[in-house]
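Given next, in structure tokens, is a single chain: the form predicted alone.
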């Protein structure tokens, strides 16, 4: 009976922790780290603030847990698409479409918070997770595209695989509803057209092909 009761308590604790994480994700992703308090998160779940601290000792610990969960969620999709067969362009298009439909928050704000609002240890933890979960699988795709002759490498005026991955993510941030720079803009054609534009700009740039014949 003791073991059964202990297992039940552990299950309830895990369920409560998941509810806290879900509420924290909604608040942090909508308003950013600084604007959200643990009291707000606790109230959203129906807990007292001290009860929340039984699961997450500080706001920073809670934010790190939310961000790690988000990176893991994105990593699963990125790795699945990046490993597909087919031309690099098609896989980049699939990745752009996945990210544009999956990232439902202000990605630049999250990236800013990760780099400026947290302590050094938390920054290192999230930086390593972001690189390993998002940049590394994208860089592997860029490296494969370079080996196949589909993308230029550094020796031929291109970028390193990691540099290409970073540029791709900067383009994704721009094409989200809340772009990296400027006001929110409506993009004709929806996600599919945005993904096509993103990959086209990444691979071909802004130079116009002018028919001088």
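Values in this document were obtained by computation on a predicted structure and should not be read as measured data. Numbering follows the first chain given and starts at 1.
Just so you know, the form predicted in complex with the DNA exists too; it's not on screen, but the next bit is about it.
* Asked: Which of 145-153, 32-40, 65-73, 167-175 has heavy atoms within 4.5 Å of the DNA in the predicted bound form?
  -> So the stretch in question is 32-40.
* Is the DNA close enough to 50, 53 and 58 in the predicted bound form that each of the three has a heavy atom within 4.5 Å of it? -> So, yes: the whole triplet contacts the DNA.
* State yes or no: in the predicted bound form, is some non-hydrogen atom of residue 157 no more than 4.5 angstroms from a non-hydrogen atom of the DNA? => Result no; residue 157 lies far from the DNA in the predicted bound form.
* To do: Using the partner position in the predicted bound form, report whether residue 197 sits within 4.5 Å of the DNA, counting heavy atoms only.
  => No.
* **Non-hydrogen atom contact residue 22 with the DNA in the predicted bound form at 4.5 angstroms** => Although the DNA is absent here, residue 22 would stay clear of it in the predicted bound form, with no heavy atoms inside 4.5 Å.
* Asked: Are any of the heavy atoms in residue 16 no more than 4.5 Å from a heavy atom of the DNA in the predicted bound form?
  -> Residue 16: yes, in contact with the DNA in the predicted bound form.
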